[in-house]
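Quick setup: one chain, the form predicted on its own, written in structure tokens, and binding and motion questions come after.
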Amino acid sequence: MSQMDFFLSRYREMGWKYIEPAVKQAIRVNIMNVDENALLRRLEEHGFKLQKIPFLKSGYWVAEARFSIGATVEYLLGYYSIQEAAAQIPASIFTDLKNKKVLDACAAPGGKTVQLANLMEGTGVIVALDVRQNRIKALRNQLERCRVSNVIVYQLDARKASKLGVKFDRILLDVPCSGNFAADKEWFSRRTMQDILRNSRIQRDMLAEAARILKDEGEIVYSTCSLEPEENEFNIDWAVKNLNLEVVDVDTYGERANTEIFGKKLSSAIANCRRIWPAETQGFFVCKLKKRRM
């Protein structure tokens, strides 16, 4: 059995039949920097045709383009970010972000960090972490381009975030993951179960650290662009059973996650997570967690 057949058989067992995805390019308007309607008019004058993404507040598909959407003056001025549609979901499902102390635990290249700043309307503070210096550079460039001023950047492994000595109201845990074939044409030939299990262990360490530094009334949003349950449902099931966390139901795009996968019965709370199979967006998984009340 080829690697592709192996993974596709797993997806079929989880209830999804392979279809060739047609992922659309998407942008998100940085509403702190520009009036949304004014930006749309300017981009239309440049020859871009945009379509509102129905499940996002300020997200648009790039339906037609005469040239690269990243080659406009408006982009350089930070009026919008090029951000995959599903990747815009995690920051949007926090209950409230204004005046909060927020940790973006795996922040680079910064699209979600800028989105958080917009949702916070420049209030509060975001602590943005990444472990690699070259990724920190990309993060800083993104924040500067988008004129974000309420972010403190640290080069730090999210598994060691407690070194900051801070408790957070909100934690965005968009963890490093195995990715999926919709974003990488060579994915099936590059990925093995060993990769996935290694990533799962790292992700659990990040979840455990986030739980340690979360305020009692705080929220964690966990997300990946992986389709593998070892990095998604199984991790959240483990968190519910070991970290005194519960899964909050959210009203967002995607189907409810399965509570039984590969014969393994999971907590019924896993149904509150959302799984997005590749189509117009890449594959994605997202859920919101909070501390369980004793």
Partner chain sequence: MNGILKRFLGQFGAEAFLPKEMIIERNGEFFLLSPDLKEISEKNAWWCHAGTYLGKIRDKRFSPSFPLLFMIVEKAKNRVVVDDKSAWLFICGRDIFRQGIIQAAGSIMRGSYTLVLNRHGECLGFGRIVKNLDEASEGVVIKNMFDLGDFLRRENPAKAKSLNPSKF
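Remember, it's a predicted structure, so these values are computed and weren't measured experimentally. Positions refer to the first chain, counted from 1.
Separately, the form predicted together with its partner chain exists; it is not shown, and the next lines address it.
Stretch 143 to 151 is the contacting one of 85 to 93, 171 to 179, 143 to 151, 197 to 205, since its residues have non-hydrogen atoms within 4.5 Å of its partner chain in the predicted bound form.
Shown alone here, residue 79 lies within 4.5 Å of its partner chain in the predicted bound form, counting heavy atoms only. At a distance threshold of 4.5 angstroms between non-hydrogen atoms, residue 213 is out of contact with its partner chain in the predicted bound form. For the chain shown alone, residue 67 is a contact residue for its partner chain in the predicted bound form, at least one non-hydrogen atom being within 4.5 angstroms. Residue contact with its partner chain in the predicted bound form: residue 119 places no heavy atom within 4.5 Å of it. 125 is the sole member of 183, 125, 131, 193 with a non-hydrogen atom within 4.5 Å of its partner chain in the predicted bound form. Of the candidates 221, 97, 106, 136, 136 is the one whose heavy atoms come within 4.5 Å of its partner chain in the predicted bound form; the others do not.
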